[in-house]
Ligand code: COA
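Below sits a lone chain in structure tokens, taken as the form predicted on its own.
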């Protein structure tokens, strides 16, 4: 049983939890209520064993047009305490919660992605987009700058020339260009293609060991802040942690089955439902 929210839809099927921005009439712009709903939905799915993979998408023709300029900026301008509360909730789910999420996360980019929506997009582990989806850092067009963590995340994700080009011009670009500059993994031509790819990728991830997936994510994200020796030591500690948490399954199942010729790791994962 999944909970219901005012501005977010949650569905779980075959191990894949889909969390959708649900303000299609506003191109899924992120209002204060949407930030509260997103934070709660992600928290709920985090502890829901039915969801092994989490997909973020949008209802209608937009992923998210970014912050709702009217409800987030204009209407909260003279309400500093409420604005501070909403700002912290927004930053928490878009950065800390998503970047440290224990389950694989995939952005299924079905349409517009503008401004602040770049943050949850980049925070997802993987991203697949429609070729005709529209992306843009539009802040400069109304005299603002990409604030919050947008600019910092672009530094990690894009080459300097690409990041500055779109930051300074405010020009939009499509899913093909997003693929070319590394903002998404790849793009597809139709919505049917998008969901076929998302379902295939989600099912593949559901078949892998959940603890290994979680620790692989932690190792990657935390190693980026370390030198090589620190990263090496940290990886050894993570392998030991994995071995303890999953009782040596990677060796007793993975390595032993490979030795028996039951599967080839380079071609796919072993069947976790089958005993050695």
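Remember, predicted model here, so these are calculated numbers, not experimental data. Positions refer to the first chain, counted from 1.
There is also a form predicted in complex with the ligand; it is not shown, and the following applies to it.
Practice problem: Could you check which residue among 114, 101, 173, 195 gets a heavy atom within 4.5 Å of the ligand in the predicted complex? | Solution: Contact residue from the list: 114.
Exercise. Scan 238, 209, 52, 26 and let me know which has any heavy atom within 4.5 Å of the ligand in the predicted complex.
Key: Of the listed residues, the single hit is 26.
Self-check item: Non-hydrogen atom contact residue 149 with the ligand in the predicted complex at 4.5 angstroms
Solution: No, residue 149 sits far enough from the ligand in the predicted complex that none of its heavy atoms falls within 4.5 Å.
Quiz item: Is there any non-hydrogen atom of residue 69 lying within 4.5 Å of the ligand in the predicted complex?
Solution: Output for residue 69 is yes: heavy atoms within 4.5 Å of the ligand.
Quiz prompt | 4.5 Å heavy atom contact, residue 123 to the ligand in the predicted complex | solution = No, no contact at 4.5 Å.
Self-check item: in the predicted complex, residue 138 touching the ligand (heavy atom, 4.5 Å)
Solution: Contact with the ligand, yes.
Practice problem: Counting only non-hydrogen atoms, choose the one of 115-123, 185-193, 153-161, 89-97 that falls within 4.5 Å of the ligand in the predicted complex. | Solution: Comparing against the ligand in the predicted complex, the contact stretch is 115-123.
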